[in-house]
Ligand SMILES: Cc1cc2nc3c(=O)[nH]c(=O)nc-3n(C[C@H](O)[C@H](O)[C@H](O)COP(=O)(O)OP(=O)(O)OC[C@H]3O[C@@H](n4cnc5c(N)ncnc54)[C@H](O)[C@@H]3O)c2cc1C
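What follows is one chain in structure tokens, specifically the form predicted on its own.
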């Protein structure tokens, strides 16, 4: 079993870190206070090629393998403290670009992928509803076929990128009698009749990422904009979640690595009672646990990427990865804040941002409880 990254992957990692540190750190505190999306940072990410990492060159992408994508996103999480920007980019990548690449027709891919890769258009997906969160397939949004189009009716909530998106993959029920098999996915552009954006939603963390409501009132969607066959929505959703639970949380891992290094440096430099606080077991053991979580998180994450690169499905492994890294990121953030004491609680040090942003990871992409349900189902429980 080979654990070494290739020279190309190591160079990619260093390049992304250098890029993020140079281009993606301006005025983060100010943008957080204003809850402002970092448009200039988005454009720079697109120029660097990040939205096109998994996309073939024929559509303007870089054609990177899954492990290289994970390495790049880990580096982005390490170098860029703007977790809202990273979250928006990941949603764009794994819930819009990747499903289009996997399930789209040649015409759909030609029409949308080049602009999405260039960052000229922003994408996402709309699944969650007020009464359909963890129980995603209890959605009430309906799609009724009328001639050469579908009429979509319903409302979606907590939709990443909704206030700024040019297109969303909207999931709606086409046949209520078929359960999971009665859900379909549609490529919905913001200019379609009957499509509108409701109120923006202010969150505890990820304050620079636009989140909002989507309202569909007899929204007219051409049949040519259905993604996959009618009733393929569940398969599309589960496929994209495998990618999101693997690749999105690579950025969390990078943030964990940065926090670990910051905390080690502080524990060496900060002196109390005549010695560095890292000499105290109460501190050093916390840091040892932080390091262990980073290492274990990286191992399971890289395994998911390796499996996807081999063309394998990884529903269990992606659940392991999402659950472990999201829970570990929160615990590491809390431990880092505690070790830094009053400085950690201060806004100036940025550690409280990690706590706020990491809390969301236990909820989105399927809550920690849902991940445990998935794991238990593979044990026939």
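Numbering follows the first chain given and starts at 1. Please read all numbers here as calculations on a predicted model, not as lab measurements.
Another form exists, predicted together with the named molecule; not displayed. Remarks below refer to it.
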Query - Stretch from 125-133, 184-192, 68-76, 298-306 whose residues place a heavy atom within 4.5 Å of the named molecule in the predicted complex - result: 125-133
Query raised in the report: Contact between residue 292 and the named molecule in the predicted complex at 4.5 Å, heavy atoms?
Result: no
Query raised in the report: Could you tell me if residue 211 has a non-hydrogen atom within 4.5 Å of the named molecule in the predicted complex?
Result: yes
Requested in this report: Tell me, yes or no, whether residue 24 is in contact with the named molecule in the predicted complex, where a contact means a heavy atom of each within 4.5 Å.
Outcome: no
Report task. Spell out, yes or no, whether the shortest heavy atom distance between residue 259 and the named molecule in the predicted complex is within 4.5 Å. Result -> no
Query - Residues 157, 363 and 369 all lining the named molecule in the predicted complex, heavy atom within 4.5 Å - result: yes
Report summary line: Of 203, 223, 265, 276, the only residue with a heavy atom within 4.5 Å of the named molecule in the predicted complex is 203
Query raised in the report: Ok, 94, 112, 150, 87: which has a heavy atom sitting within 4.5 Å of the named molecule in the predicted complex?
Result: 87
